[in-house]
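Here you get one chain, nothing else, as structure tokens; it is the form predicted on its own.
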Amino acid sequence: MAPRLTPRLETLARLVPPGARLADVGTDHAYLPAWLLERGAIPRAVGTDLRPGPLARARETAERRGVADRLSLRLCDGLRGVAAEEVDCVVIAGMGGETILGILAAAPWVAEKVCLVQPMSSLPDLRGGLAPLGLHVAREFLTLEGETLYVVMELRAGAEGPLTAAQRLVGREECHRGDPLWPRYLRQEIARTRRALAGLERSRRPEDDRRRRELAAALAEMEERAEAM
């Protein structure tokens, strides 16, 4: 039986194109590539990690699941040890948004691939930092793990126009169209923005003025979206 995946990894697995050669950045236990390889969904995969410990765990998973001959494990930073011609799909999951941006910037060839990212933090920075890399968010998928909502983004080549403050926070509305978790996500981010804005309202530092205005604009836009649902 293939290893059980968490909801986040299940979402990513569903989005990997059948037959694609996968690069899993920060593979850790290599659960995602092992699951896909064992099911025959993909022919080969590369798993990378910065540290020997996670790669040792990944190797144990690959051997236990009988896929070691199709999973190449590499000690490297991001995609620096992976050649563009080796892969069709790149997954970068479980990292901060700024770290993901750095990995993408160091491997501009990802724009030619299917790129799936699952940021753990700094989502506004990630969404806002894609345009200079020639990328944009084509779709976003929400997944619930316990009581926590996570966002999975499908990135594609082509920069779009500037994002509004709300779009940086929660994404463009069309990216979430039809997602049953979208109302919950929007309400969650409205509440979070209200708390952040309340904190800034007490600040007397001049440098907080710009941030206060950005959050106020984002909040007004998100509340308008919520009312329209």
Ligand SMILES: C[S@@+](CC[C@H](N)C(=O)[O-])C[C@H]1O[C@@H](n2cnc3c(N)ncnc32)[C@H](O)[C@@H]1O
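Worth saying up front: this structure is predicted, and the values here are computed from it rather than measured. Numbering starts at 1 and follows the sequence shown.
Below, we turn to the form predicted together with the ligand, even though it does not appear here.
Partner proximity in the predicted bound form: Ala218 to the ligand, non-hydrogen atom cutoff 4.5 Å: Ala218: no contact with the ligand in the predicted bound form.
4.5 Å heavy atom contact, Asp28 and the ligand in the predicted bound form: Yes.
In the predicted bound form, Asp77 touching the ligand (heavy atom, 4.5 Å): It does: once the ligand is placed as it appears in the predicted bound form, Asp77 has a heavy atom within 4.5 Å of it.
Arg8: touches the ligand in the predicted bound form, heavy atom cutoff 4.5 angstroms: Contact with the ligand, yes.
Sole residue of Leu73, Ala93, Val82, Leu133 within 4.5 Å of the ligand in the predicted bound form, by heavy atom: That would be Ala93.
The ligand: the contacting residue among Ile103, Val152, Cys115, Ala138 in the predicted bound form [heavy atom, 4.5 Å]: After the contact test, the surviving option is Ile103.
Interface segment, criterion being heavy atoms within 4.5 Å of the ligand in the predicted bound form, picked from 165-173, 41-49, 179-187, 192-200: Looking at the other structure, the answer is 41-49.
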